[in-house]
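One chain follows as structure tokens, the form predicted alone.
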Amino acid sequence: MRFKTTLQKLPKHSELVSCVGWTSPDELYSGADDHLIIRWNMTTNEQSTVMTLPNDCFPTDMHWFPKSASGMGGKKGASEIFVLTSTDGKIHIINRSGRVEKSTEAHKGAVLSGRWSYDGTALVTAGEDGQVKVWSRSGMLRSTLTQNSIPVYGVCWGPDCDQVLFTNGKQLVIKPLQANAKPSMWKAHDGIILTIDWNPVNNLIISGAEDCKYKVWDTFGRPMYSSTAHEYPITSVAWTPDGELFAVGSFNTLRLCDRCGWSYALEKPNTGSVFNLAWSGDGTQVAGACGNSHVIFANIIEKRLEWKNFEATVTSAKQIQVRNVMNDVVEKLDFRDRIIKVALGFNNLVVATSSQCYVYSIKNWNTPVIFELKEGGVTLIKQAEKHFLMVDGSGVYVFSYDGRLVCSPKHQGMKADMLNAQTLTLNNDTVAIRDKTDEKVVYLFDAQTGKAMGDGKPLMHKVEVLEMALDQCGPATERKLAIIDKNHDLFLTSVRIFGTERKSTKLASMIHMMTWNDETNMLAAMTDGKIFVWYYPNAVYVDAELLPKTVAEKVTSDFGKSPQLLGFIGSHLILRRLEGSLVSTTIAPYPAVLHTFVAASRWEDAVRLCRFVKDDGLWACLAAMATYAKDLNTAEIAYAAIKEVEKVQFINNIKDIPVKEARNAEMALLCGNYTDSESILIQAGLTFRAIMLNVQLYNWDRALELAVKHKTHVDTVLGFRQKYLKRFERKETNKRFLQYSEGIEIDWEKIESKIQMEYQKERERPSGNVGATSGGAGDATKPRSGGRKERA
């Protein structure tokens, strides 16, 4: 990826250009020290003078009213105005035809920066007098946020418009708008900070200073990236609207950088210092205000996408080249309009231009599916096997690959323009969207209907969610969502629940990024110096003791400091080094093969594979998979291979149970799901087994409650309770047990005969398709193995 820069042969301004701003992707305004405001039409390549400023007014900054807030502020066409700050201490609100709607005395000395809030309700300005002020939409002073002794060179709004970031010499300050709120401040550079920007989508801050460095920060003031020193001070920085890239300007220097800080491209145009940078609304081009009277335009080209044996490259603003690396066949795809977003995956190439969407199949590049877009500004494309998702300023849309709109999921207060790849995830049956106003909330939608899942309640995490991803394989009922929260803990959560509580389990701590495998439900995650690969994350719900055995670790020291985890394709992990180069590393191919065998219920082949590989991790995966699928024979073999003797014995006991529902309940017990086990038994009418389950677990109150409720085996519960107390030489203190023991006589002969009758009834049930052995696992008096509590 790089910039294709354009400069006019002769500059249209005669003095230093100080500010630029886009009204649309095809129209730019620029202001300079020659007192002219010039309009640039990118379609016709024409320029025209909009207005001439007074002789004592030299512009310093320009910012257009946000289009997303154009319905606010009471005026129709409110997005047609911009604020211009100047050296005479005034802020000027000007419409696009050049008429000054209002001029206000704002600061003593020059006003150095001015920014509209994202919702359009307020304006913040920073001045040479060291003050930061907040103004209403109409230009009335609301408050003075701070008064410093040194000039404030840059100011910008936080994502929620409730706090402001500004410079204070070598320090950065985040000041909430609340009167009593304490500001956060940190030393950011060794020289005066000249320029800053804060992106609302990724919530990251960039700063540039006289120490010739640019740096990336999070909102806690933690450094995410620091560049090496340039030859000259950094005079301008600007995020793309979607927060994936940013541009850096310096003397005769224009740099394109990834959100993590490393540089894609470096251009050395003859511009003098680039004092101001502005991205177009679609994020495809950037304009720079240059010290030598020029305005520089730079388009992003040569963006590369790879999927299996295909490579797609955006060669120009309206052309994509696709190459099949297997046979070196090259296809050139031309488009009518400017390309905005491209996605390649799952046998399809999706291209969004400023007015249309093209869907190409890798089998046929000649006849794409084409449909019109309501809004041109597509900010995100996410793909799944059956459909893809597009985000623009107005909403989220799921389309099939034949161009049909499947659904448009929405939740209350959704801000579509704030969504990114970390806060929105998609697979064949589910769409998950993190709420922007409350980052602990994740909304789950059915991808076919767009309706909220289950009872309509969202997933509530305990801490703010940073990143999330849905698994891509397996049946919809077993769908899992992986979450990284603000504490950098990795959680696995079940998506589709049926009348039960949603299970969320912590897998690991200090995780920075994660990704699911594209072919199987393996999960890879990056921590400091290591990559963890969970071969079967679902093991945490089957037998949590097996989970550590199913995790593989890889040390990342070979890939330099702080590499990024980008993808997990087949048995390859795709990493990006700190300087931006791509590398890959591999894991063993056997877990993927095992997943394939289990998905096809080829249990004998799965056992044969594990015997061939002779790896405990693989056996542990098979044990968990077989237990989940209730394949007892395979589970027994796998548990035996990893020397889990108690569980082998427990599975043998389960095999002897005559009733299918009772076997399922015992399997749920093996997985640690005590409540599920009890509910299975009660629904099947096996009340006695449900009572004895609670007796085994010493859950005496629940056992008595069931016995009383169903009017059966109250004496059995009281008898086992007496044996339990006698064994530990204790007296009864439970009031309920004392109450019922007064009127009931404990006769062990009667109890034994009742128990035998219950087992006889089970043997005679029509569902008893496994032969029962007398005194087997169904015998309540026989001790239970498998690591569970010993029967009373």
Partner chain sequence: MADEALAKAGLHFDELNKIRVLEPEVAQQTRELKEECKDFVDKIGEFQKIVGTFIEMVDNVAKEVEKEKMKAIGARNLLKSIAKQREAQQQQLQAVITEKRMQLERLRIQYDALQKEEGEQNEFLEQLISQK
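Positions refer to the first chain, counted from 1. All values derive from a computational prediction rather than experimental measurement.
What follows is about the form predicted together with its partner chain, which we do not show.
K.L.:
Go through G403, P183, G685, P589 and name the one with a heavy atom inside 4.5 Å of its partner chain in the model of the complex.
P.N.:
Here the answer is residue option P589.
K.L.:
Heavy atom within 4.5 Å of its partner chain in the model of the complex: which of H488, H461, K436, H572 fits that? Just give me the one.
P.N.:
The residue from H488, H461, K436, H572 that makes the contact is H572.
K.L.:
Of the listed stretches (621-629, 80-88, 504-512, 248-256), which one has a non-hydrogen atom within 4.5 Å of its partner chain in the model of the complex?
P.N.:
Of the stretches listed, the one contacting the partner is 248-256.
K.L.:
Considering only heavy atoms, tell me if S103 and its partner chain come within 4.5 Å of each other in the model of the complex.
P.N.:
No, S103 stays farther than 4.5 Å from its partner chain in the model of the complex.
K.L.:
Report yes if any heavy atom of L266 sits within 4.5 Å of a heavy atom of its partner chain in the model of the complex; otherwise report no.
P.N.:
It does: once its partner chain is placed as it appears in the model of the complex, L266 has a heavy atom within 4.5 Å of it.
K.L.:
Does E579 make contact with its partner chain in the model of the complex, using a 4.5 Å heavy atom cut-off?
P.N.:
Residue-level check for E579: yes, a contact with its partner chain.
K.L.:
Find out whether any non-hydrogen atom of W262 is located within 4.5 angstroms of its partner chain in the model of the complex, and reply yes or no.
P.N.:
Taking the distances in the model of the complex, the answer for W262 is yes, it comes within 4.5 Å of its partner chain.
K.L.:
Heavy atom within 4.5 Å of its partner chain in the model of the complex: which residues of 550-569 meet that condition, in order?
P.N.:
Only a single residue, D558, comes within 4.5 Å of the partner.
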